[in-house]
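Only one chain comes next, encoded as structure tokens, the form predicted alone.
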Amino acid sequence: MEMVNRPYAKAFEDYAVQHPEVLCLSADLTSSCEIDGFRDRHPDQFLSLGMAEQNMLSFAGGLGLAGFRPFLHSFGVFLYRRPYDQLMASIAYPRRQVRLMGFLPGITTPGGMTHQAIEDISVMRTIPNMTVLEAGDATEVESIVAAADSVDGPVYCRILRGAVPRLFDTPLEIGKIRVLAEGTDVLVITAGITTEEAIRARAALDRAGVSVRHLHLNTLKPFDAATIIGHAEQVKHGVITLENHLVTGGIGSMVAEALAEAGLSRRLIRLGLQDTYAHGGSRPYLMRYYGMDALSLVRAVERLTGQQTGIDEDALGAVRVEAVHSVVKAEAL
């Protein structure tokens, strides 16, 4: 598997220098959001707003009114918890072309509750006019900048940073679900970092004789319920969602709503955080502890199908372990 180092940094710079109306805003997490190089090389397009997210969002709304397209960079949790009223009044309601680039989605940080954006999808998808995107690999991180900037309105993006695996060879297209496998026993729906886990599990399940249909989502709003229903109709046993988020309000809820509204009777297992905050810890530890990794998916498939696969950790592909702390991340989070 190819690993790409800091794909966002290069992608944003390549795009922004061709579009002078794009501005780069930072809330005191410049190096942590990989825009320190852009700050140094393109100071005329860079604005530091300090640790004052409410002010940054109001300011960005004004920039949008003036014809600029500001890209706001911070940890995802800081883009909606603290400045929720400014997000609604200054950006979403007037439909400003403001791009909210949220790093450290879900449990991709050891920082614990204060830094984990575990309910961001549920919050953002309920805001009228808001588009919600999530990158699942380096190719999607690279292409999410242009995709987000093509939207006539505000966009919230869940961004991966640091060393990111390349899983796909085609760019992110808004509204287009990736069909990664077309099996007939179980439908598995993933997004973000859980797609890599599902790919690990899928190979072992295939060897055990379980046919998995696997969809990868990168556009969470607008949600393509019709396509989800079409695939759910093609499987025998039911649907499993695996997400880096609370199951409440996230992808699991969206799929449940789609199945109910279509009147399609399918069993549904939702894997993710179950009405809990997460501890601080490494990503592999947290994914195992909270039942969000490849082995958890295998066990869910066994519950859904009633078939014991005999798959254990040794039968799965190697877990990719990242350093919790890095010298290139000034805040070590």
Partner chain sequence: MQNSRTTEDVAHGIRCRVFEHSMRNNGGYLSQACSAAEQLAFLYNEALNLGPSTMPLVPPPFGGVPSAANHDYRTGAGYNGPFDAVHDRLFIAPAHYALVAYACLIEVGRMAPEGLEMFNQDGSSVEMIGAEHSPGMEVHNGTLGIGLSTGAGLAWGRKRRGETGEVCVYMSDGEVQEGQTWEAVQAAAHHGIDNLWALMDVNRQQCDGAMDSVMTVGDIATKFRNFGAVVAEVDAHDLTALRQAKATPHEGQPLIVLAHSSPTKGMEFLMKRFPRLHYVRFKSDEERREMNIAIAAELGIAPVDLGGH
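Numbering follows the first chain given and starts at 1. No experiment lies behind these values; they were computed from the predicted model shown.
Quick note: we don't show the form predicted together with the partner chain, though the next part is all about it.
Of 97, 86, 131, 143, the one that lies within 4.5 Å of the partner chain in the predicted bound form (heavy atoms): Contact check passes for 86.
Sole residue of 305, 55, 31, 282 within 4.5 Å of the partner chain in the predicted bound form, by heavy atom: Looking at the other structure, the residue within range turns out to be 55.
Residue 40, heavy atom within 4.5 angstroms of the partner chain in the predicted bound form: Because no heavy atom of residue 40 falls inside 4.5 Å of the partner chain in the predicted bound form, the answer is no.
The partner chain contact at residue 90 in the predicted bound form, heavy atom, 4.5 Å: It does: once the partner chain is placed as it appears in the predicted bound form, residue 90 has a heavy atom within 4.5 Å of it.
Contact flag, residue 264 vs the partner chain in the predicted bound form, heavy atom cut 4.5 Å: Close contact is absent here: in the predicted bound form, residue 264 is far from the partner chain, nothing within 4.5 Å, heavy atoms only.
Contact of residue 298 with the partner chain in the predicted bound form (heavy atom, 4.5 Å): Outside the cut-off, so no.
Partner-facing stretch of 271-279, 32-40, 289-297, 56-64, counted where any non-hydrogen atom is within 4.5 angstroms of the partner chain in the predicted bound form: Of the stretches listed, the one contacting the partner is 56-64.
Those residues of 175-213 which, in the predicted bound form, come within 4.5 Å of the partner chain by heavy atom: Sequence-ordered list is empty.
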